[in-house]
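Take a look at this single chain, the form predicted on its own, given in structure tokens.
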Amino acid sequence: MTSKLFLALLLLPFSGLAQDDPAGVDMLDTAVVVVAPPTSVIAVDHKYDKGERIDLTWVPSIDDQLVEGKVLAYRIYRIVNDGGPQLVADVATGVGPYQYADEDLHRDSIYSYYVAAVSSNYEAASTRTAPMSPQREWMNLDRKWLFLIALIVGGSVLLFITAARRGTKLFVRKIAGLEAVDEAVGRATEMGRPILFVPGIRDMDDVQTLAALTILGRVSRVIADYDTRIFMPTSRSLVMTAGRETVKAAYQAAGRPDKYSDDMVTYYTDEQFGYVAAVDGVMVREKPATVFLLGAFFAESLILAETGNYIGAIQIGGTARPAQLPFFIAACDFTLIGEELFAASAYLSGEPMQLGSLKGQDVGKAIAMIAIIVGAVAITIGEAWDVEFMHDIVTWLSGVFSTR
């Protein structure tokens, strides 16, 4: 009897579990879920930046790989200058790769990190990384080939400028539209009709407008020599001022400053189609013998070119906007296509610095053309005959000319 009583008293604390006591369930639910820590935590300085970033990688906990849902997240802690740990971020599990970029750091501080695998009520921390500071790199060595190409092009520009200053005649392809300037102005003089010069609808901050004003200088010089009238309607006040100065300088250079008038260059409106309507009105009323459409044009290009074609004028058009070039080609007698508009200043002036720059840029274009041809041939052979070496060439060329 005594032994039975002793056995009952011994089992009394566990009787609640045997009878599904709610207190026993709470004890099971609050049990600690132990997980293994992540390993191989590595912190490295991010290359080719201003010294503001450290990249962190780690191998996930084995419990994250073996038991789904046991590891809920990875917490990244940062220690700055041997201070206390700071929670930086929580990284979700199961998404990989397990990495984190810590940004907006300071080069004069020392950082170390550790990563903790987190379960529902437990953190397993890894060992700390070695202390380090982010470093600034002054040169991006991944772009060394692009730097070499820039040196070749820049050296070519200097070489051609030096050659032009020494009197070497540099070949520049003839541009039909610019060759026809004298003929077009002469035709207007013979017919006793004016010349209309439209410099586009953009302001002086557009390089196409600057190129148009360069051509205007040459046209104005010929007009001053032939004593021909010119109308230059503008849609920007600054373009009007620059146009007046250009035409005035041309008349002074020709020895006829008394023939110049501010009425030659006028301002109408900044509104696109209001300006177009005004220019078309000038064309219909004055019936110019020659029309120059040079600069930045948009939807109004065909309207202007068709009106000039309707009145029977010789038209020389030019723009760097590819979408408008077909309209000029269809309706104008001569068209400056794309870069021909920008090459006009070197072509017309013959100034050594401009000619040397133009020829040096041709070297860069030649390099790009060779790279395109080699890349096209390599990728064709690589895809057709599955030649791995050709794929490597394409990958290398992509890296050379990458801007990232």
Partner chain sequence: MGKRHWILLGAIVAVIIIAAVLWLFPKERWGTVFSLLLVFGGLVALLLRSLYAKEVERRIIFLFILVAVAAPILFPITFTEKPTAVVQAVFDKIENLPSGSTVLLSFDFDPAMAPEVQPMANAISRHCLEKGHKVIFMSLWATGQALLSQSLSDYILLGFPDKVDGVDYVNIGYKAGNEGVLNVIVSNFEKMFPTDVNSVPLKDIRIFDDIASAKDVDFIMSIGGGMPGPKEWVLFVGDPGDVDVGVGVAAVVAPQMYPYYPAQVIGILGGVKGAAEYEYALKDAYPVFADMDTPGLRMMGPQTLAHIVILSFIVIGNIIYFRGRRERKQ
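Just so we're on the same page, rigid core means the largest C-alpha set that superposes within 1.5 Å between forms. Residue numbers count along the first chain shown, from 1. The structure displayed is predicted, hence computed values, not measured ones.
Although it is not shown, the form predicted together with the partner chain is what the next lines describe.
- Contact check for I303: a non-hydrogen atom falls within 4.5 Å of the partner chain in the predicted complex.
- In the predicted complex, no heavy atom of A130 sits within 4.5 Å of the partner chain.
- Contact annotation for S112: none of its heavy atoms lies within 4.5 Å of the partner chain in the predicted complex.
- Though the partner is left out of this view, P322 does reach within 4.5 Å of the partner chain in the predicted complex, counting heavy atoms only.
- When you look in the predicted complex, the only residue of T189, T93, T307, S126 with a non-hydrogen atom within 4.5 Å of the partner chain is T307.
- Just one of D225, E103, D182, E286 comes within 4.5 Å of the partner chain in the predicted complex, counting any heavy atom, and that one is E103.
- Contact with the partner chain in the predicted complex, judged as any non-hydrogen atom within 4.5 angstroms, is confined among 189 to 197, 225 to 233, 307 to 315, 254 to 262 to 307 to 315.
- Shown here without the partner chain, the chain has only D280 in 257 to 282 lying with a heavy atom within 4.5 Å of that partner in the predicted complex.
- In the core-superposed comparison between this form and the one not shown, R143 has its Cα shifted by at least 2 Å.
- When the rigid core is held fixed, the Cα atom of E339 travels less than 2 angstroms between this form and the one not shown.
- After superposition on the rigid core, the Cα atom of E271 is displaced by less than 2 Å between this form and the one not shown.
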